[in-house]
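In structure tokens, the next block holds one chain alone, the form predicted alone.
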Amino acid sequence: MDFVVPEKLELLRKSIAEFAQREIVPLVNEMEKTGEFPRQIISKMGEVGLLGLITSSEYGGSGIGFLARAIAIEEVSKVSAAIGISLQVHHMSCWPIETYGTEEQKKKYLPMLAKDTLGACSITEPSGGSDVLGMQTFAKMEGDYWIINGRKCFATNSHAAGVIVTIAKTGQDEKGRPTFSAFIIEPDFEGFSVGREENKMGLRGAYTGELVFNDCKVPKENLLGKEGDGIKIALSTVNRVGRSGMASIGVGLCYASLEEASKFAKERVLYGKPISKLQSIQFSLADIYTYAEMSRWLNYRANWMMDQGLPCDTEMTLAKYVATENAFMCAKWACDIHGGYSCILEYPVQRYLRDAWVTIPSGGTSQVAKVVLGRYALKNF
């Protein structure tokens, strides 16, 4: 088994880290104050290849793969988990279009998504996120259009996306069970609008809001996959793209906490010496480092498996569960090391704690992950 990250991916890590320091760090304070997404970053992320990391070169991306994506999102999230989640959800619109879309859909949407257009993928409704089969948004065919009515909530990139993949109920099967289909939405479609923009405690600067469908007219050619494929498309996108992306954000937060806590411990002097000399501080740093490494390598394994075409839904779920829970603990320990300074906004550890908390329910709650992992354990051990 080879645990060495390929040199080209380490070079990618370095270039994305430099990009994040140069282009994203100056935006963070304003994002925290206003909660507004910096739209100017979209085309800049396109220029350095972040938007098209998992999109094939024939459609304008680099197609470099999921392990590369994990590393890139990790580096972005070290400086801004808000930009990290905006990027990861963007990929959740690219992947299903390339995986399930027609050639016409791929040629129309993927080049713009790889260059200068932010994407979104929205499934959650006010009735619940984990209860996918309970969604109420409904679509019916009328002539050459699907007419969609309903409302989505907690949609990342809601107010900035130029392409949206969403799911709606479209009928029922022979046993009377509801069937669902996936659609590609453009913001200027008649009957579509954005609603409430949420004011979040963490991940500030990443739009989270409502998508409203009021007799929204969607051309029939914008059906993604076959009619009735909606649940398959939704679950595969969440499992393979969403959870790995959230895990990568968690890993970034773990290492951001480690770096800030270590830096503070070396600089903070008490009792005539840096607090880094205190065994209790060293123990906390050891915990952060342990949890960060655990998260990183579980995530890298899952994404490597995805690149190899191996079944990896369970591994993706495990990586997401561990990395996001660990991110919160790492941030908590980093705050402990900072003491009272952790309450001061100029110290980023308080942001890491808030951001980490929001990653836990995003992309599937920890409780849902435990159900998936528990079933796997019962079946295989």
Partner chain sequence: MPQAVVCVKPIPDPKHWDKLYLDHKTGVLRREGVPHALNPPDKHALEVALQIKDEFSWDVAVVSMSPPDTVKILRETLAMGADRVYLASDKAFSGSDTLATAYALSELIKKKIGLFDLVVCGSMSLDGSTSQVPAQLAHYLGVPHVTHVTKVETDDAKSFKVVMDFKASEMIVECKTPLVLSVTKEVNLPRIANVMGIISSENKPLEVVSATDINADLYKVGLDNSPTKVKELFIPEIKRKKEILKGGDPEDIVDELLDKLHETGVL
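Residue numbers count along the first chain shown, from 1. Everything numeric in this text was worked out from a predicted model, so none of it was measured.
As for the form predicted together with its partner chain, it is not shown, yet the points below apply to it.
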Within 4.5 Å of its partner chain in the predicted complex by heavy atoms, the stretch out of 352-360, 320-328, 53-61, 25-33 is 53-61
message: Suppose contact means a heavy atom within 4.5 Å; in the predicted complex, does that hold for all of 12, 18 and 48 with its partner chain?
response: yes
Margin query: Please determine whether residue 379 contacts its partner chain in the predicted complex, using a 4.5 Å cut-off between heavy atoms.
Written below: no
**Prompt:** Should residue 8 be counted as a contact of its partner chain in the predicted complex, where contact means heavy atoms within 4.5 Å?
**Reply:** yes
